[in-house]
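In the block that follows, a single chain appears as structure tokens, in the form predicted on its own.
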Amino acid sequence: MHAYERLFIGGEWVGPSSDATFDVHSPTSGELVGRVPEAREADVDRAVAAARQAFEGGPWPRMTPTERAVVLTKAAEAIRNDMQGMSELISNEMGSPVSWGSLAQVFAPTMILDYYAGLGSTFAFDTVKVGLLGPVMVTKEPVGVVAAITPWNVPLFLAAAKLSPALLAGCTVVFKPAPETPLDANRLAEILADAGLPAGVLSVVPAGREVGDHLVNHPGVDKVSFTGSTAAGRKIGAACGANLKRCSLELGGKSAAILLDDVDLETSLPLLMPNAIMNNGEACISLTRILAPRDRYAEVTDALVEQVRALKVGDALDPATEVGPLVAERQRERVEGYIRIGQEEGAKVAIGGGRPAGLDSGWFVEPTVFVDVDNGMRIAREEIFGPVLSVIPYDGEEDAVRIANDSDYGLCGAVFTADNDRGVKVARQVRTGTYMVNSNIPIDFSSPFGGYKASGVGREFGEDGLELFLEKKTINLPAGYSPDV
């Protein structure tokens, strides 16, 4: 068992302000696998004070970007050296299949760290240009103290997505991981400290919503970077707006995969499936709405059902498992509630809908496919966050685009077709932040990622992700002067 008695605050392991703890149980077996102190408001105050002191007077913001990049590179190397251990740790926390998690949960974060480390020597933090009235230097400076708040579904990945650019920018960070997944967050703190991160630059405060609200509203925090539900994002955005505090929000999704009438199902469905029930369906970018041409609807649903039938459901630590347990009992109850709602609305379960036989000790739900779904049904409009797919018929390409856009969300999407040009034409019409054309790669770490509409504000990854943690300053220079940049 991974047991921590102290909190990582200001670069040190310190005693918590209360004796409250979070117990971490395996979603597969229910066994206790870890325990950490629960941070309270006093712990957050201490963490913000340490971050403020480190930002105002510490070495980190005053180091060069290339010097800060060295820490990111060392952290990435340390994670790669313990790939199996980190994968198993995260699987034990939240139930992600270790075979999927070793790449998406652990190796992908090292790619993010490496990418931003590379930007340390290539990104233009200072530029000089000819202004209208004379020479001008535009410099990009760290925004300050950052509150980074992440959910439990891809914990190390999301931590890397926020910490990598924030740290490269020269910010100091108070990181609040979800109560379900504090273990990998503490391990990351250990890794970064060993990599040379100075004292005060990072604190980790595992906490619930109340304490999270305290962190968001803390006057010592300059920017909030949040990933999570749209409902929580609205509250955080409102709070930041009231305080004129910078914020970026990566929120929910209800993404549609359009199968055009010329699609080859034998090649397309194997590309679609990894992004339909990835991470047990607990992913904001999951392609949970499958749009099929009406005259091929039966063919598509039959083929999709066979794909789902072949999925191996089981222990998250079994390398053969493709679908593991949901993170907690409450999440299984939520997913089962949506399955009931779908049936009450008139949709039919083509496969799944229950609990898998022989798996009585974990929070398992069978991968489920609904057919005869109308896009107005709740199962087609609301984020379920479980292995539940809805197959929706459409009449013609224009109708498919209409249905794909008929959503409060706009995070991801895909189109599958025999004609790539036709696919790109469709991609340009669907209002989402990222899109796949005959592809199963939803995120490119060198390119912007984020959502339209209720899927968020701002773009992570790429240079855009670094810009989220920088303020721009214009310095008007005397005529004839050209500073070194």
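All residue numbers are counted from 1 along the displayed sequence. All of these numbers come straight from a predicted model, not from anything done at the bench.
The same protein also exists as the form predicted together with nicotinamide-adenine-dinucleotide (NAD); that form is not shown, yet it is the one meant from here on.
Although the partner is absent from the chain shown here, none of S96, T321 and W363 has a heavy atom within 4.5 Å of nicotinamide-adenine-dinucleotide (NAD) in the predicted bound form.
In plain terms, the part of the chain that comes close to nicotinamide-adenine-dinucleotide (NAD) in the predicted bound form, with a heavy atom within 4.5 Å, is 207-215 out of 293-301, 207-215, 81-89, 99-107. Put simply, T227 is close to nicotinamide-adenine-dinucleotide (NAD) in the predicted bound form: some heavy atom of it is within 4.5 Å. Contact between P179 and nicotinamide-adenine-dinucleotide (NAD) in the predicted bound form is found at the 4.5 Å heavy atom cutoff. Although the partner is absent here, G144 lies well away from nicotinamide-adenine-dinucleotide (NAD) in the predicted bound form, with no heavy atom inside 4.5 Å.
Although the partner is absent here, W60 is not a contact residue: none of its heavy atoms lies within 4.5 angstroms of nicotinamide-adenine-dinucleotide (NAD) in the predicted bound form. With the partner omitted from this view, the residue of L192, I149, V401, I392 that lies near nicotinamide-adenine-dinucleotide (NAD) in the predicted bound form is I149 [heavy atom within 4.5 Å]. Between the options C247, V263, L158, L269, the residue in contact with nicotinamide-adenine-dinucleotide (NAD) in the predicted bound form by a heavy atom within 4.5 angstroms is L158. In the predicted bound form, E383, F385 are the residues of 354-389 with at least one heavy atom within 4.5 Å of nicotinamide-adenine-dinucleotide (NAD), listed from first to last.
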